[in-house]
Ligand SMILES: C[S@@+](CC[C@H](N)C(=O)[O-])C[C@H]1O[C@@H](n2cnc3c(N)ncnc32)[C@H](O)[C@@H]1O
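Only one chain comes next, encoded as C-alpha cells, the form predicted on its own.
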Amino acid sequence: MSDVVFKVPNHLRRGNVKHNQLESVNQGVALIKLMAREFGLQDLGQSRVLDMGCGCKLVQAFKQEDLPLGEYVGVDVFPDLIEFLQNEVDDPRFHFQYLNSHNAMYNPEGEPLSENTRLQLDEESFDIICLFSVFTHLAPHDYVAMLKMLRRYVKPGGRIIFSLFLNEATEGGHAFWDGVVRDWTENQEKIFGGKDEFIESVQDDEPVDFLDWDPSQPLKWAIYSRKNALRLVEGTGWEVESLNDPVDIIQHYMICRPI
C-alpha cells in the first residue's frame, strides 16, 4: 500500500492515535471487508452506511483504497474532528454530523443519551449501522439507549454491527484480559485485590453483569458478561443475529436485525 492519501491530524485521531496512519487505514479496510462478508455482500457499493462514533479510520480506508460505497454518514461526539472531515472530504457520498451526547470518556459535558435523541437523518434509511469501539465505552443505560435510538434509522432489512468487551477468554481468539494480566497496574491491584483473584473472576462461569474496569479512567473499558450483553438487547427493537468471537482486527462483535 502506498502512503496515506488522506491524512488526519494526530490530535483529531483520539481513538486511533496509538496506531500510525497506515495502520488505521489497514484496520478500516479490514472492518469494511468484515461487514461485507458478514452481510453477504461483495462490497458496500450499494449500501447506505451510518457510522456512529465514526472517528476517521473507515473514511480513510474508503478514500485510500477507493472502495465501492453507496453513501456514508459519520457521526461523532468530537466536534473538531467532524469540522475537519466536513471541510476536507470533498465527495458527495460522504456526510458528517456532530452529536453532543454524553460519554464519560470522550464527552463528559455532553447531553444525556436517550431513546428520544434524534439525528438529522431520515428514518429507516440505512442498510448498515456500525459502531466500532463505541459500546466498549458505554454504561448499561447508554447501551440500551443507543440501540433504541438507532432502531429508527435502519431499513427493515438492514443490520447493526457493534464491537464490545465481553468478560470471557475466547478459545482461538485474543482476549482483552491477556493484555490486562500482562500489564497489571497498582490501580488494578486495589480494585481486585490481586492478580490471582482477578484471573479467578474472569474464569468464573457467572461473571458480573457489568464492570467499569478502571474507575480512575471512567468507561475506558466497559466490560459486559455475555448473558448481560444479550439481555440488554431485549426490548430495544432489535433481535440478536449473532454474537461473534474476536478476530485480529476486532474484539467480540454483535450483529442484530430490526424487529
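Treat the numbers as computed from the prediction; the structure is a model and nothing was measured. The first residue of the shown sequence is 1; numbering continues from there.
Form predicted in complex with the ligand: not shown, discussed below.
Across the proposed site, Val4, Val8 and Phe62 without exception lack any heavy atom within 4.5 Å of the ligand in the predicted bound form. With the partner omitted from this view, the residue of Ala145, Ala139, Leu99, Val89 that lies near the ligand in the predicted bound form is Leu99 [heavy atom within 4.5 Å]. The ligand is not shown here, and in the predicted bound form it never comes within 4.5 Å of any heavy atom of His19. In the predicted bound form, the ligand lies within 4.5 Å of some heavy atom of Val134.
Although the partner is absent here, Met52 is a contact residue: one of its heavy atoms lies within 4.5 angstroms of the ligand in the predicted bound form. Within 4.5 Å of some heavy atom of the ligand in the predicted bound form lies at least one heavy atom of Phe78.
Listed stretches are 210-218, 37-45, 52-60, 227-235; the contact stretch with the ligand in the predicted bound form is 52-60, by a heavy atom cutoff of 4.5 Å.
Of all the residues from 240-259, none has a non-hydrogen atom no more than 4.5 Å from the ligand in the predicted bound form.
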